[in-house]
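Read the single chain below, which is given as structure tokens and is the form predicted on its own.
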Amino acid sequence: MEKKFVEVCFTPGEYEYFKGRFEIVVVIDVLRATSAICSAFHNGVKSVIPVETIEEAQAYQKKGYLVGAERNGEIVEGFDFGNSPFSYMNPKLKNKEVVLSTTNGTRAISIASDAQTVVIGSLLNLEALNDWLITQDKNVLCLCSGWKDKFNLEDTICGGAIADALLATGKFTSNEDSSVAAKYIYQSSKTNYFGFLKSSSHRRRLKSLNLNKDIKHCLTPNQTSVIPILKNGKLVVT
């Protein structure tokens, strides 16, 4: 049987180098967009509409949608919430459609939207996602959202965790040094994500905003089995 590929792309800015070769793109933004999206579905949100710009978010808001918007780690003034996972645990959001725009995560979703299948990955749904990806028997690209087109550790760890799990089955292979690096970074961090990321830029950025609770939640793996998938511009659960 011919092996499928699993690779890790460190930033959306590098997506062009991988584009068109992978049927499945897993978008990862551990701190915090994809973790918030997984939390939203775990807590009964019906669908999430990811939008890249504040202008798009405002347009939805004018139509009466519940809209979350975050830039630089903070809620954008005038919006209902940002991208804290805890915002999406509000019972009032159950069975509702929510719009979300974030600094990095929703931009990465938009960039990947040309792929055959786009799914949302985080540490929160890691095990369930890995199991699902293995059964799909397709080439997989882990697209890290990074920070404003720059490399970050937490997304790379998650991408490395996915690559490690898929490669361990013997059904997948990888060629890129980015995937090798991600796998080794994951293996170095897997016993203590929180400690490993202590000096990381985004953890420090969020800590300065008093968001340590969010960080701990986002770095606690396998809290949910939801696998959000992009269909017709909306994220829904498979």
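All residue numbers refer to positions in the sequence shown, first residue = 1. Note that the structure is predicted; figures quoted are calculated from it, not measured.
What comes next is about the form predicted in complex with a small molecule, which does not appear here.
Residue contact check for T102: one or more of its heavy atoms lie within 4.5 Å of the small molecule in the predicted bound form. Proximity of L31 to the small molecule in the predicted bound form falls within the 4.5 Å heavy atom cutoff. Among residues of the shown chain, I49 is not one whose heavy atoms approach the small molecule to within 4.5 Å in the predicted bound form. Though the partner is left out of this view, N83 does reach within 4.5 Å of the small molecule in the predicted bound form, counting heavy atoms only. Picking from 113 to 121, 159 to 167, 69 to 77, 130 to 138 the stretch near the small molecule in the predicted bound form, with a 4.5 Å limit on heavy atoms, gives 69 to 77.
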